[in-house]
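Only one chain is given next, in structure tokens, and it is the form predicted on its own.
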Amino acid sequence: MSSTVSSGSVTPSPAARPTRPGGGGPRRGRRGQLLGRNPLGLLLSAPYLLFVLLVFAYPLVFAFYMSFHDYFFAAPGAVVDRPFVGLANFQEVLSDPAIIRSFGNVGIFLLINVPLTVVLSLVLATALNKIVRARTFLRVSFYVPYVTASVAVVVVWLFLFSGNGLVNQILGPLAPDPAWLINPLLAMPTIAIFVTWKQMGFFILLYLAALQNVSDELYEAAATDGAGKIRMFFSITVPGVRPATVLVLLLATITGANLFTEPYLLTGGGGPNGASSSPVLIMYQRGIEQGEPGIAAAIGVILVIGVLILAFIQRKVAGGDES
């Protein structure tokens, strides 16, 4: 046994110190890796983890199961045969023109809604961050539409964009014919603008929180070097809030892919002639109204895969991995 002699005392080396039973051994190391440094944190987060498993994970797994079976709803406790049909549900989904058109509609929606949401939210958040007077009032004003019930807001937009609505009266001869929400070319863009306006308050708050982490010294140094406000916006603000931008892109994409309430209320269920239908709306119609939950589940699975692919591309393009 090696030891160190100092001032008449003998101190055993670390290698020679005895190990207490149950402490510092391989078993404790494995337990620490499993529970983490703070087991109490895992215990406190367990209710939310259980909530996620029950509300999100289980329905998703069950949807995958339904999509591969000739599934239909039955009375509780009834034993019925739901045969495995393989990819038959997916083949029907991919060969149905109405479903294909709904995916195209939501693609148009995302092309309009997501860029508008990112640009307008960032610009307005930057402006609100500079305002001193009435700052709270303005922030609340932008947030009110987000927390207002969709049914109440839809009534206002129907009044504005109907055939004899206020917008058409202002435009006069320039008003579209047919009107906005019954026009096959304008129905989905109108819904995209509506959703952008309604949800913008939430994304403005995300950007306002991100702007607090951008140092004022960067703006002062840029101003000293003679940079203008536009140059500072693109060189300091935009890179400084990149993590928030990735989050906004992801949330706006997920929200748009799950579009249901707005076309259901504004255009009477995807009109005119399916021009504003969405995959989630078709899922409701096929699964609930027409009693084909297997087809609805197949649509949902394709939608989930599509959103995951879009999210991956957005992270790569927007620099989410670096953020």
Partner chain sequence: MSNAQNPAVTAGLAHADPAQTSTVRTRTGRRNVEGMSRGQNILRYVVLSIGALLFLFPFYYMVIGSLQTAPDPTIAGAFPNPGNVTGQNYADINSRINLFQGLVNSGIFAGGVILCTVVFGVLVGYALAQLEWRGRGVTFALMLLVQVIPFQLLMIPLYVMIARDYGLADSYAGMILPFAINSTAVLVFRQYFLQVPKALFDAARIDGAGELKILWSIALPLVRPALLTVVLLTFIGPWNEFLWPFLITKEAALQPLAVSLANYLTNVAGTAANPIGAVLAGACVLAAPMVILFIIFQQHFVSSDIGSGVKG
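Worth saying up front: this structure is predicted, and the values here are computed from it rather than measured. Residue numbers count along the first chain shown, from 1. What we label the rigid core is the largest C-alpha set whose atoms superpose within 1.5 Å from one form to the other.
Just so it is clear, the following notes concern the form predicted together with its partner chain, a form of the same protein that is not shown.
Student: How about Y264: is it within 4.5 Å of its partner chain in the model of the complex, going by heavy atoms?
Tutor: Contact with its partner chain, yes.
Student: Consider D216 of the chain shown here, and say whether it contacts its partner chain in the model of the complex, taking contact as heavy atoms within 4.5 Å.
Tutor: D216 belongs to the contact set for its partner chain.
Student: Does Q290 reach its partner chain in the model of the complex, with heavy atoms at most 4.5 Å apart?
Tutor: Looking in the model of the complex, residue contacts with its partner chain do not include Q290, since no heavy atom lies within 4.5 Å.
Student: May I ask you to state whether V304 is within 4.5 Å of its partner chain in the model of the complex, using heavy atom distances?
Tutor: So V304 counts as contacting its partner chain.
Student: Is it true that I99, P115 and L174 each have at least one non-hydrogen atom within 4.5 Å of its partner chain in the model of the complex?
Tutor: Zero of three within 4.5 Å in the model of the complex.
Student: Can you say which of 176 to 184, 88 to 96, 106 to 114, 119 to 127 gets within 4.5 Å of its partner chain in the model of the complex, counting heavy atoms only?
Tutor: Looking at the other structure, the answer is 119 to 127.
Student: Taking only heavy atoms into account, state which residues of 273 to 288 are within 4.5 Å of its partner chain in the model of the complex, ordered by sequence.
Tutor: V280, M283, Y284, G287, I288, in sequence order.
Student: Can we say the CA of Q290 moves by at least 2 Å between this form and the one not shown when the core is superposed?
Tutor: The answer is no, as the C-alpha of Q290 shifts between this form and the one not shown by less than 2 Å after core alignment.
Student: After the core is matched up, is the C-alpha of L42 off by 2 Å or more between this form and the one not shown?
Tutor: Yes; L42 is a residue whose C-alpha shifts (by 2 Å or more) between this form and the one not shown when the cores are overlaid.
Student: Quick one: once the rigid core is lined up, does I254 have its C-alpha move by 2 Å or more between this form and the one not shown?
Tutor: No, its C-alpha moves less than 2 Å.
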